[in-house]
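Shown here is one chain on its own, the form predicted on its own, set out as structure tokens.
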């Protein structure tokens, strides 16, 4: 007899609920329209969601109405990890997730969690849009996860309730929420904090009730999540540049005809440019709104933070994923 954990049972239950209308319609084979289901955890005002809405419009237009994209935002179908599991089960067709929780499925994605690996934004996008980025997008195929594109998620920095973070020493004694990522945990611990993995959808309550003392994320997410209502210090140490990624189930991909794949890939690629432009605009606008909302914006010296994680760089180079770290460092 096979026993399932609570999380596995929950994922299977959600999978059945989502798949039921599809099954009742004869597995969709009688319909001339292919409807793809996309899940993500962000608010509908987020640049990623806006870009994916435009992706849906582009896909519908290119396919002359034969392909539609139904988007489930705001963690409606579960946390990022849960939606990745749903993708593997074939209960959803596409998932937008941060690359951090993807480490549990594709270990080499941990390279994005290495602090201060990218020299600047130009270096970052040179990697993602080149051979290294293409290799990373295809790594999950054996796990039924095919990457379509990367989205800009900016730089991640610390925000806290009781005191600002100006040096690594300021993190000592603080419980900092991180994504469910071993590399993120190691990074915060290397800087002196106590890393605490919590689902993003549960973070506001955790901050408000004092379960954690702070978290780390980009500026737009700090605003749209309303975490700034609780955390009044935002320290732009910019320790990591962790992209979002759009994944498609290999089951869905394999069922699609070549022209459908081409339409989907083109729509995804187009959404990247839309999202990047929206992201730059949103970030500038967000920092001003945070200041107006009473958040103190700190620009700490990054030198001490970079020095504190040197040992983490050395340790990571010795892992199986070290090859990607070396390739990224050598990318010009």
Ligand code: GCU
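Bear in mind that the values here come from a model prediction, so they are computed numbers and not experimental data. Residue numbers count along the first chain shown, from 1.
Heads up, the form predicted in complex with alpha-D-glucopyranuronic acid (GCU) isn't pictured, but that's what we're talking about next.
Using a 4.5 Å cutoff between non-hydrogen atoms, residue 271 does not count as a contact of alpha-D-glucopyranuronic acid (GCU) in the predicted bound form. Remark: residue 80 counts among the residues lining alpha-D-glucopyranuronic acid (GCU) in the predicted bound form, judged by a heavy atom distance of 4.5 Å or less.
Residue contact check for residue 287: none of its heavy atoms lie within 4.5 Å of alpha-D-glucopyranuronic acid (GCU) in the predicted bound form. At a distance threshold of 4.5 angstroms between non-hydrogen atoms, residue 155 is out of contact with alpha-D-glucopyranuronic acid (GCU) in the predicted bound form.
Taking 150, 228, 200, 125 one by one, only a single residue has any non-hydrogen atom within 4.5 Å of alpha-D-glucopyranuronic acid (GCU) in the predicted bound form, and it is 200. Among the residues 183, 160, 179, 240, the one placing a heavy atom within 4.5 Å of alpha-D-glucopyranuronic acid (GCU) in the predicted bound form is 179. Heavy atoms within 4.5 Å of alpha-D-glucopyranuronic acid (GCU) in the predicted bound form are found in one stretch of 117-125, 97-105, 140-148, 228-236, which is 97-105. Applying a 4.5 Å heavy atom cutoff to alpha-D-glucopyranuronic acid (GCU) in the predicted bound form picks out 217, 218, 221 from 209-234, in order along the sequence.
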